[in-house]
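The chain that follows stands alone, in the form predicted alone, written as structure tokens.
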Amino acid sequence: MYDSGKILAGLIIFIVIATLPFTLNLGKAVAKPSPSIDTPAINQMAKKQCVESKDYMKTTHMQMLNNWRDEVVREGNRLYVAADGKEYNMSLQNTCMNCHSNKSKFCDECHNYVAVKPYCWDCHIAPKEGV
């Protein structure tokens, strides 16, 4: 083989480039976030219950907010009936942020962890930080 040196050099360069992202991030793991629900509105609740269950909200809150947006803006419907039959006003600022008033400790902590930039605040006014 006349080109074995070139092939070997090419393989080494490929392996270095392919493993570079992994080697650069070694030891930089970030701890899983634990969003704070310590707000005055939540502390006053007898039963700490969100619009839907905790598992549902963790996995599908963005789809829910998109559906709420479409229902309110396009259909004019502002009433949301939860799985338990309770009715809520479909409003990011008046329903969700009423309880989750600590945006930096609740929303931003998880969104930064998963490297997501939600576009909620392109239209909505970011809430002033509560407790």
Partner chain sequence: MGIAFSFAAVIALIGLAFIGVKGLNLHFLFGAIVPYAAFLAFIGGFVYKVVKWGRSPVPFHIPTTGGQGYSFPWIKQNKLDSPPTTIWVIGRMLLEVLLFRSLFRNTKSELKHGKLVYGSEKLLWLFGLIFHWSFLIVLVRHFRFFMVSVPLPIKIMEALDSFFQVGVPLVYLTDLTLILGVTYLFIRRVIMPQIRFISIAADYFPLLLIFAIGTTGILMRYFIRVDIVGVKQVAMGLVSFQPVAPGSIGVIFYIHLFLVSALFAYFPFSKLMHLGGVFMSPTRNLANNSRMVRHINPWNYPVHVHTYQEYEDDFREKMKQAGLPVEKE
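Positions refer to the first chain, counted from 1. C-alpha atoms forming the largest set that superposes within 1.5 Å between two forms make up the rigid core. Source: prediction; values computed, not measured.
Another form, the form predicted in complex with its partner chain, is not on view; read the next lines as being about it.
- Note that among 55-63, 83-91, 42-50, 96-104, the stretch whose heavy atoms approach its partner chain to within 4.5 Å in the model of the complex is 55-63.
- Contact check for Tyr113: a non-hydrogen atom falls within 4.5 Å of its partner chain in the model of the complex.
- Under a 4.5 angstroms non-hydrogen atom cutoff, its partner chain in the model of the complex has Val30 among its neighbouring residues.
- Interface membership of Cys123, defined by any non-hydrogen atom within 4.5 Å of its partner chain in the model of the complex, is ruled out.
- At the 4.5 Å threshold, heavy atoms of Ala9 stay clear of its partner chain in the model of the complex, well away from it.
- With the core held fixed, the Cα of Gly10 is displaced between the shown form and the other one by 2 Å or more.
- Shown in the overlay between the shown form and the other one, fitted on the rigid core, is a CA shift at Leu20 of 2 Å or greater.
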